[in-house]
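In the block that follows, a single chain appears as structure tokens, in the form predicted alone.
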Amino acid sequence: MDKAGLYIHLPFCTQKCNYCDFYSIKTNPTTVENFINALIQEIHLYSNHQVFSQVKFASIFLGGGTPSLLSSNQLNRIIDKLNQTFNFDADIEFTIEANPESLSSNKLKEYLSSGVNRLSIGVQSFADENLKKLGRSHNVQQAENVIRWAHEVGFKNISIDLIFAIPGQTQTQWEANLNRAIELNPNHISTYGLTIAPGTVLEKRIKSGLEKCQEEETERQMYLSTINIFSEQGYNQYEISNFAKPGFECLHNEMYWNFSPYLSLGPSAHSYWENRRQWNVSNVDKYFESIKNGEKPIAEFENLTLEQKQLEFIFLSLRRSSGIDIDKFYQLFKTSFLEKYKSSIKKLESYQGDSLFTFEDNRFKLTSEGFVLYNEVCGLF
């Protein structure tokens, strides 16, 4: 059996960002305390699971929401229950997502002492005007302080998130973001083109004419410049949105992309093992109710068909710079990728003017231009 990944969704935020459509709610001490008690019970409900009670976990990822709103005592209660219930690698990657306004130097020290060894900081921009537009709760100074403190207290694996194609953002401003990020010397940087999600504040502002979406060509240039600038500074692009210094690729995300089993806990969290995918209820009250009744808070599940698995393998592999391993595809599905999808590949060859893929070392990989058109490429399959 493969190693497994463990994800915990903590749905609390001080406020909802203007672009966010993840499940989150405003924080208050009582609800957080009730949530931790319920989460500990949910962990217990998996103590005899046919897969997750047997495997070793190679990664823990606390996402949200804003997991860094937890005190070190609250975090330690969760960790203690995990250690009582599951088996973990000695060199486990343990990530916590963090917003700058929720951290202090002392809190970072406490997290490090608790076993957290990878910090993922939601910086999003090094321009206060962009942070305001995104509805973020922090300013640039706070973000820079937290990155500096993380280095000082001894974090050896620091990741930051940045967003591009923000309404009004120029190419020059975006490149200034990239250069400032490099100066602060994180080990890993994730960059995301802004998605205008339905029902968000930002979508409403765009519909009412208060903001204007970036042009596609501007977004394309921002993305391509990201690849070039990071490559020159020693950050390898190992996935469509992720760049890392050698040896600092995110193990937890790699497990998703490799079809490794992963258990996810908390409201709205998705799990996967042995062709089965399940997801929890996306409502904290329903989550509490299920746990109170001694039931796993599962909303729905599905068993993936062979065709679904093939397509997911393709889509996940195409996100990565290593591309589709042709031999592995055959081993998994007993069919030739090049034969089954030759018509799709032929369409790709004649799609627009740019070369969208390469085929080398028995791997089918997207080029930078292919990454730009990732959704369209996937559509051809």
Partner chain sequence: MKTELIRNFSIIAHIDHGKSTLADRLLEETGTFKKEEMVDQILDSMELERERGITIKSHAITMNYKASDGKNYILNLIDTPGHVDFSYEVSRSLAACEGALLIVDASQGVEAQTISNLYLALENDLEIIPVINKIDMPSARTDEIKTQIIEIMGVDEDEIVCCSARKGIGIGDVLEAVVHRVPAPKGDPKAPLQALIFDSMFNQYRGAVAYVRVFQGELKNDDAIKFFAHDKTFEVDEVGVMKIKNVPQKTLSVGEVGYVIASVKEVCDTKVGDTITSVSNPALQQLPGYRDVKPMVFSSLFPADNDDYEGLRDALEKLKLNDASLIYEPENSIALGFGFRCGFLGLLHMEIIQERLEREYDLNLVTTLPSVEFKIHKTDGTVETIDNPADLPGQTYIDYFEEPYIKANILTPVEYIGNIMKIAQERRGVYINTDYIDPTRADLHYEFPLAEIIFDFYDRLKSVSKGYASFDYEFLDYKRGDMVKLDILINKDVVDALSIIVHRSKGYEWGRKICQKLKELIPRQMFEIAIQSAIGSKVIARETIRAMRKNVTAKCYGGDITRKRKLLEKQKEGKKRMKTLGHVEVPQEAFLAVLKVD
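Positions refer to the first chain, counted from 1. Small disclaimer: the values here were computed from a predicted structure and weren't measured.
Form predicted in complex with its partner chain: not shown, discussed below.
Residue 126 falls outside the set of residues with a heavy atom inside 4.5 Å of its partner chain in the predicted complex. Although the partner is absent here, residue 175 is not a contact residue: none of its heavy atoms lies within 4.5 angstroms of its partner chain in the predicted complex. The closest heavy atom approach of residue 328 to its partner chain in the predicted complex falls outside 4.5 Å. For residue 345, no non-hydrogen atom is located within 4.5 Å of its partner chain in the predicted complex, even though that partner is not displayed.
Put simply, of 270, 296, 180, 81 only one has a heavy atom within 4.5 Å of its partner chain in the predicted complex, and it is 270.
For the candidate set 86, 235, 94, 223, a heavy atom within 4.5 Å of its partner chain in the predicted complex is found for exactly one residue, namely 223. Taking the partner from elsewhere, no residue among 20, 66 and 266 has a non-hydrogen atom within 4.5 angstroms of its partner chain in the predicted complex. Annotated contact segment (heavy atom within 4.5 Å of its partner chain in the predicted complex): 237 to 245, selected among 237 to 245, 280 to 288, 139 to 147, 73 to 81.
If you take 295 to 325 and check each residue for a heavy atom within 4.5 Å of its partner chain in the predicted complex, you get 302, 304, 308, 311, 312, 315, 316, 319, in sequence order.
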